[in-house]
Each structure stands twice: as structure tokens, then as C-alpha cells.
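Presented below, as C-alpha cells, is a lone chain in the form predicted on its own.
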């Protein structure tokens, strides 16, 4: 195992951004940037032994700042959406940045995702990123200190562990927004990937992608991925929820609250033979099929077109501040937020 560092470029104010490369003895690599604690590349050998980069992303700091749809970024202090861009805590009202259509708050206006983080290398298999979110940033109360540890194992599991503590009561909901393509970022659509999600229900949304309340059973709907099926099989089905969001972009209900790390699904690409198993301690996962990728140029100047990457963003449910029936992510002052998500990679042909 080894961790190496190289310069990735500079922020407009002159701050240097670094890329840390974690590599195991198999040659698998995870590339992490200090800009946004971003997972920039994941290099893994396919069934023929050829290395493929499984993540959509960019080659320069400028592109991450001007073109990114959160590719690989750490998101917080509250990932996903908050309806009306406002929250109430202990009887006090807080206005947030209405950065989505001038109405809702999405991904905390990118605070975690577009700022420089500090990096430490505590061991030869991991990198720790840290950031301090100032009190009142984006409207959220509390100074919040955050650490995200990216760790790569010898058996090709990438663990992302999150820790955060605020000095005021506040909502905390962190995720990583990696866009995966298990055939490689340059291989086209992901509709032929097979996907399994171990969830009996999802949270339906309105036309602004804000949860309407409660959950909807997946049984008998295109949202049923309890048995693995191709992402593209029913993505164009005549279902109101798919029509409103242009395809899959919904939170799946995994459990009623935080729990021990357990497997919640898997994805597989037949061409490469690469399989990815997903594990998390969190109660929800947002499955997004890249419906609004619009051809912005990414790595090597190649376009990231519609549905050329998919996201499985582990999380608390969206809009929890307005939905008391959802698992809460309101943390008291001094109370630690802790979570872990693991993506495990293997070759299907080697498992037979």
C-alpha cells in the first residue's frame, strides 16, 4: 500500500490543490483531491486485466469550479434538497441559499464541494480530509468541524468515513456524489448496467423533487430493484415519478435510522465484468441515473452526456427538517455525526 501526492493546480486565489493517490498491491487506485474532498478517479482492472477509470470527472481545477455537477465531491453540511430553502431549529428560523430554481436549497449551495480541504496521511492506505464550516455559512447555524477519511483495502474496498461536530444544534447530512460508470468514464451510457437496491420503498417527490411525505412501495413499479435488473429496462416507463424527474432520481428507504455497516445493493457492467457492492450505515440512498448530464466536457475533453454515469449517494432522506416521519439528522451541539459507506469492487468472472 502507498499514498503519493502531486499538484493538481491552483484556486483563483492562489491556493494550491493537491491530488492524493492511494494504491494497493493489486494496482487499484483511488485519487482524492483537496478541492471539495473530491474522489476524482478510481482505477480498477477489468476482466481482461486492463485498467479502467470508473468515475466521471475533470482534469483541472478550473473545470471542477465551472463545469461540475458535483462529480465525486463531498457534499454538506446538508446533501440533497431542503424545500423552501429554510429550516427551523429550537423555534428559530434560518433562511438558506435558494440555489435551485430560486426556491429550494440543493447540496448546501456547494459549500463542502468547492472549497479547499486540508489533508493528512495517517497511514499508507488512507487519506484524511478536514474542513471547518463557519457558523452561519449558507444560512446553517453552528461552526462545524468535519473529517472525511478515504481508505482503500487490499481487497479493493473503498471506505469513506465521515465525522462531524457542530457547536450549535444543526442539521448534518453528508455524502459523496461520485458518478460511476463501471465500463469506464469514456464508455457511453450506463443503461446496460444491472443494479440491485435492497429497499422496499422510496420517497416520492413533487415537480420540484421535494418529498411529498411518507414513502411509496416499490412493489409493482419501475422502482423495484430488489432483484437486479438493467437500469435502462424501465427508465422510460409511463410512471408519474419518472416523468417528473426525467428518470431515476429518488431516495430509497433502507431502514428507519443509522445502523451497523451492511450491504444495501450492487451494480455490474457486463462489458468490463466489474461488479460494485455498496455498504452503508445510513438509512437512505439516492439513486440518480445521470438524467441531466448535458454534454459538458470532462476528462480528456470527452463529453459527459445524459446517462453516462450513475450515482448512489448514501444519506439521510431529503428534506428531513420538514418531515418528522423521516429519520432525523438534527444533531445537538457537541453531538458527533458518524457514518461510513463502502464501495467494494470485484470481477464477476472470478467469482463463479
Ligand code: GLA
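Residue numbers count along the first chain shown, from 1. The shown structure was predicted, so the numbers you read here are calculated from the model rather than taken from an experiment.
Keep in mind that the form predicted in complex with alpha-D-galactopyranose is missing from the display, and what follows is about it.
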- prompt: Is alpha-D-galactopyranose close enough to 193, 234 and 310 in the predicted complex that each of the three has a heavy atom within 4.5 Å of it?
  reply: no
- request: Go through 40, 286, 320, 34 and name the one with a heavy atom inside 4.5 Å of alpha-D-galactopyranose in the predicted complex.
  value: 286
task: Have a look at 125, 137, 249, 128 for me and say which one sits with a heavy atom within 4.5 Å of alpha-D-galactopyranose in the predicted complex.
output: 249
- prompt: Looking at 100 to 108, 220 to 228, 138 to 146, 161 to 169, which one sits within 4.5 Å of alpha-D-galactopyranose in the predicted complex if you count heavy atoms only?
  reply: 100 to 108
query: Within a 4.5 Å heavy atom cut-off, is residue 151 in contact with alpha-D-galactopyranose in the predicted complex?
result: no
query: Given that the partner is absent here, does residue 157 sit within 4.5 Å of alpha-D-galactopyranose in the predicted complex, heavy atoms only?
result: no
message: Residue-level contact is defined here as any heavy atom of the residue lying within 4.5 Å of alpha-D-galactopyranose in the predicted complex; does residue 115 satisfy this criterion?
response: no
task: Classify residue 275 as contacting or not contacting alpha-D-galactopyranose in the predicted complex by the rule of any non-hydrogen atom within 4.5 angstroms, answering yes or no.
output: no
- prompt: Which of the residues spanning 163 to 198 lie within 4.5 Å of alpha-D-galactopyranose in the predicted complex, based on heavy atoms?
  reply: 177, 179
